[in-house]
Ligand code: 3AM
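Only one chain comes next, encoded as structure tokens, the form predicted alone.
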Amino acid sequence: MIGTILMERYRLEEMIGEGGMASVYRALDLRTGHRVAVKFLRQELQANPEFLDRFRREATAASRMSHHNIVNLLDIGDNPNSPYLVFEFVDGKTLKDIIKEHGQLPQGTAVQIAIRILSALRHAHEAGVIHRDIKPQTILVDKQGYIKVSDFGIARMVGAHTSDMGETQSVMGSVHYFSPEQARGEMATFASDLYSVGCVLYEMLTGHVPFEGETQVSVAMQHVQAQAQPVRSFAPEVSEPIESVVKKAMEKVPESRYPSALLMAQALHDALLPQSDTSPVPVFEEGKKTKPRTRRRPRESLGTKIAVSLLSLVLIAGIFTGSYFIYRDIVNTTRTPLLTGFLLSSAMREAEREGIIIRVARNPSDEPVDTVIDQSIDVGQPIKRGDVLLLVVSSGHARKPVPSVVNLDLQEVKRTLERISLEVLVVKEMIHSAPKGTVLFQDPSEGTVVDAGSIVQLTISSGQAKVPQLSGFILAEARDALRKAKLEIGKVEEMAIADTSQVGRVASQLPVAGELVAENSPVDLVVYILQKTEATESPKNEGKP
């Protein structure tokens, strides 16, 4: 598949994911130059009407939506024998990966992620789409901290008149996150998605799922019958208002949960605010029974619209400010990798992938040269991307023979000797035909056994250049000639002359033409200038008769 070009536009580059239903490839859009994700239904499922229907449903659901917190559909494959969908490419990790890496997430970060999931669900619900499979595995976090809800493969469109059990003969959704009504095989509703968000938020705050069991059936039955342990019993630092939001979202009866994704997002937003003695006045109350139509109805409808708009603005503001916390606490934080025992080159590549800056200190040891023998931060400890990790690298045995460095470039010699903890000292430079910086002599000589930290004295070539003849050149011509000879213009002095034809030309030079000097040596010049003449005036006999 790699290298295949679809619709003369999408070139497949790499498989980036594979599940029970589909395989996902990263591809290059040859028209725009952007990366995209191409999702194929697995070959063995292409003849299965049930899975083909799911795939078509995902395309239908995705085509109804366009939102910054949803992985947006870009194109639909036109090959009936191998159906595929083209989505925007999200360069990052799943929320599940992040929870595995970090364990419990900071309260503010977890809430900000939940608000973004709810923002996506509000858009989906308004489009008549119920996700039915909200879980950390379907939430993507890109490298800039943006949250994207993905995988509407088992989504249901409101009004489709299909039951969950009738479609698959099994419960739809993931057992650790689906709602009690889904566990009973009943129709999923908007409230079912909110229950799943409650489960995801529970896991972010505590580091583990609400219910555990040896079998999927036992977990499903707990969703129906059992109450999850309070969030604060695992994470006492979580505030009571946040715990209350999680509890309400995970109510067994759908009607006891939040009426909408927007109101749950508002509740989370309010729960993060500093607490006071007076209860905050709700922006508006959704789900309230309306009175019979009267003349005042238009005004009430307008007020409700204004309230919804104001709430949306508040939540949008929270989304933008919350991006900082997601980036700081999740995207910009990683776990210190194991680098001890690896060669320095491999360790630096691994650190670069994690965004960690490496500093190196060298110590003698029995390990081979360039082997990492220690690191300043223990494996698995949190470290922010851009922070410095000190690696102690082996320079070999404490006593070692000096290698031959004659005829090598000085910079290469420094790298070679520093790797084995020997110091470099340039004691002399000589005019020589060898390229500038070439080592001509060394002390101690090759093979001499010295202690780590010993100094190797070097005599290096300063290069060799022949001074050109510059007399009679104008100054610009002289500068060009010196540059070509690998020399520089030095002091420029002036000599007055009456001959205007020589003005601006070189009168003499030092060093003289033909002399061999070091590269980049200065050549001093004397340049003719026009001699000044003093005007003579007859004396004035002012005041005399």
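The first residue of the sequence shown is number 1, and the count goes up from there. Just so you know, these numbers come straight off a predicted model, no measurement behind them.
Beyond the structure shown, there is the form predicted together with the ligand, which is absent from this document and is the topic of what follows.
Peer 1: In the predicted bound form, which of the listed residues (Glu88, Glu243, Asp270, Glu367) lies with a heavy atom within 4.5 Å of the ligand?
Peer 2: It is Glu88 that has a heavy atom within 4.5 Å of the partner.
Peer 1: Among the candidate residues Ala37, Leu487, Ala61, Ala478, which is the single one with a non-hydrogen atom no more than 4.5 Å from the ligand in the predicted bound form?
Peer 2: Flagged contact: Ala37.
Peer 1: Taking 4.5 angstroms as the cut-off for heavy atoms, does Pro522 touch the ligand in the predicted bound form?
Peer 2: Taking the distances in the predicted bound form, the answer for Pro522 is no, it never comes within 4.5 Å of the ligand.
Peer 1: Using heavy atoms and a 4.5 Å limit, would one call Val111 a contact residue for the ligand in the predicted bound form?
Peer 2: No - in the predicted bound form, heavy atoms of Val111 and the ligand never come within 4.5 Å of each other.
Peer 1: Is there a non-hydrogen atom of Leu12 within 4.5 angstroms of a non-hydrogen atom of the ligand in the predicted bound form?
Peer 2: Judged by the heavy-atom cut-off of 4.5 Å, Leu12 is well away from the ligand in the predicted bound form.
Peer 1: Check Ile16 for me: does it contact the ligand in the predicted bound form (non-hydrogen atoms, 4.5 angstroms)?
Peer 2: Within the cut-off, so yes.
Peer 1: Based on heavy atom distances of at most 4.5 Å to the ligand in the predicted bound form, which listed stretch, 88-96, 428-436, 222-230, 454-462, is the contact stretch?
Peer 2: Within 4.5 Å of the partner lies stretch 88-96.
Peer 1: Listed by sequence position, which residues of 128-146 have a non-hydrogen atom within 4.5 angstroms of the ligand in the predicted bound form?
Peer 2: If the 4.5 Å heavy-atom criterion is applied to the ligand in the predicted bound form, 128-146 yields only Leu140.
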